[in-house]
Structures are given as structure tokens and as C-alpha cells.
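Here's a solo chain for you in C-alpha cells, the form predicted alone.
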């Protein structure tokens, strides 16, 4: 992070560059007599030189007033003051300044009240670095020293940390996730409140928890997943999450299934799958994690039959991923991984049979040759495949029909 970014006065105009469509929306609202700003994560990321995933806009205009100013809108969350404005087929969320009412379930406010005060709207946000707003007219609006925390690399709650986390327990996971994504430290009061409010995480849906954990694991600092255990959050993530605990480093490739497999690799396949299902992970991810967890610790000697056997149990993509995973996990050395990749390349170049689809005969061929239909067909094909994995030259129709 370049500290020179922060040398400019907080109110200097044109300090950051915003997309033309966002500027158009803000200008349209201002010309109609309202206040409007880009707000939150997009301001934070732009100041850090990162590309924002999306741009949110906050305004003093009420939802019905926003809708009257733009030709195409969607009532995304009208009860919470949010209208999506469509420009050039892209949606931008525009939300009225608001004050959240009492949080009854540790996750959602009981009510929302609109306000004319930008400060009141920013006050309800989670962290100082997410509580900044910007427009060309005013420059950066920073009421809670978010710029200073960006410069210092600190995650700090707006106001009293315990209050912010009591309002929404998911924020305790977000604190760790932002720490991992940005490489920031968590300020002491905020960290203490994370530990204090950790049990409230049980009120948060597993899908939302999983989303935060996945972002954390895929971040540049996945090793900070350890904070989920050190702060006492793990027992409240899901029933069996505390059983996880493989060390995760940036040495593992950043795919979702790879980082989850790294975290769960000390469990067996069933244990890993149980946790992933509790957290509502998709079936494709679960299947890939099972493959990596099941194979990363198994002996895989540099011998072509053993490699063909392993390759026959998974897709080529997953086999290549497995070799890199074993290297990152310390199962194989760089030299060993290099030799395994070399042999795998030879197997592929030679066109060796490594799947039932590559066998020179099919079930129909066996039936035509007089084998009774039934489960014995599948058993026979599996025996043929094992023979061909050992002896690739046996993969001919003539030989296998004699088999």
C-alpha cells in the first residue's frame, strides 16, 4: 500500500476515480437537490489501488424519489431503502441514508428508519475503513478516521466494537476475513469483542458463514483462518468445525476446493464431507475436496502402474491438482513432484488407457461375445481395466475378448 495516497487532504476533490456510470447517478441525484456518494467497500478498495467488485451509492433521496429520477430501476430491497439503478445493463445499488433499529436476532434490525444525515448512515456501518463516502463535489467524507486506519493497516469497528458485533454477529467473521484479504491487523478492542461475541455466531446462517470462510481461505493470508479457532469462534461455525485445523498457506493454489481441502486434510473423507455439508458447500466442491483429502497422504511412488491407477480414479485436472496439493502440503518434495509430473506426461503422450471409456471393448462387446448381461459385465470391465493399467499393450479388442 502506497502511503502517498493518504497525504492528500481528506476533502480534496477528484481524489479517487469512479466509473462514469456511478458519477452519472451521483450527479443526477445532486442536480435534483439530493446528496449522493459512493460509499463503503468501493471507496476503501479504490484508495488501496484495488478494483472494487461493485459500487454502492448512498443518498438522502427516498426510494420513490430515486425511482422517479431514473428510467430503469429494480426494487432490490425497497423496505430497507435500496433501489437498483440500471445503466448500460449494469446494476448499481442506491440506498437511502438510514438508521437501523434494534437488532433482535443478532443479525437483522427489527426496523429501518430513513434519515437526512450522512453521518448517521455511516455510523451504523461495521468498520472504519468501510465507513467512508466519496463524491466529486465533496471529496472523501471520513467521519471515523477510516483513512488513518487504512494507512496504519488496522481493522477497527465504528464506535463501540461490542455494540457493532452484538448487532450483527457475522461481523466478527468479517473482521478476520478483511484482515486476511488486506493483510491488516485487528485492533485490540475489536479483537477482544470478537472473542466476547463469538457464541452469537450460532445465530448466523451456515450459508453466510461459509461465504465468509471461503473468502478468508481464498485470500492472500489464508493462514489467518487460525484466528477462527484462537478467538473461540470454531465451535459456533458448525457442529464439527472444531475438528478441522490443517494449516493453510498461500502456497496452496487459490481455488475454493483446494483451500478447503488444505484446511480439512487431516480428517478422513467422511469427516471432511460432513463439515462441508454442514456449511452448505456445493456438491462439486465437496467431491473435489474428498478426492484431495483421500489421496494427498497416500503413497504415490514414481511407477507408471501406480500413477495410472491414481489417474483412473479422477479427472486429469484433479490429478494435476493433486500433485501440486501434495507438494504444498509437504507430502512430496519438488524433485518428487517433478518426476511424477514427468511420468504422467509420458502416460498421456503414449495414450495409455486410464479409464473405462478408453478400454478397447465395451459392455456391448462383451454381451455380443456371450457374456450374460448383469453386474458381472461391470466387474469384468473393472478387471480388464486393472490389467490394462498394468500392461497398456493389452488394450486391444482381440486381447480383451480373450481375457
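Computed from a prediction, not measured in an experiment: that's the story for all the values here. Residue numbers count along the first chain shown, from 1.
From this point on, the text means the form predicted together with a small molecule, which you will not see here.
Proximity to the small molecule in the predicted complex, taken as heavy atoms within 4.5 Å, picks out 41 to 49 from the listed stretches 27 to 35, 41 to 49, 338 to 346, 352 to 360. For the marked spot (195, 203 and 236), a heavy atom within 4.5 Å of the small molecule in the predicted complex is absent from each of the three residues.
Residue 215 is the only one of 309, 221, 240, 215 with a heavy atom lying within 4.5 Å of the small molecule in the predicted complex. A heavy atom within 4.5 Å of the small molecule in the predicted complex is found for exactly one of 290, 174, 326, 256: 174. Put simply, residue 124 is close to the small molecule in the predicted complex: some heavy atom of it is within 4.5 Å.
In the predicted complex, the small molecule sits within 4.5 Å of a heavy atom of residue 54. Although the partner is absent here, residue 130 sits close enough that one of its heavy atoms falls within 4.5 Å of the small molecule in the predicted complex. The small molecule in the predicted complex comes within 4.5 Å of a heavy atom belonging to residue 178.
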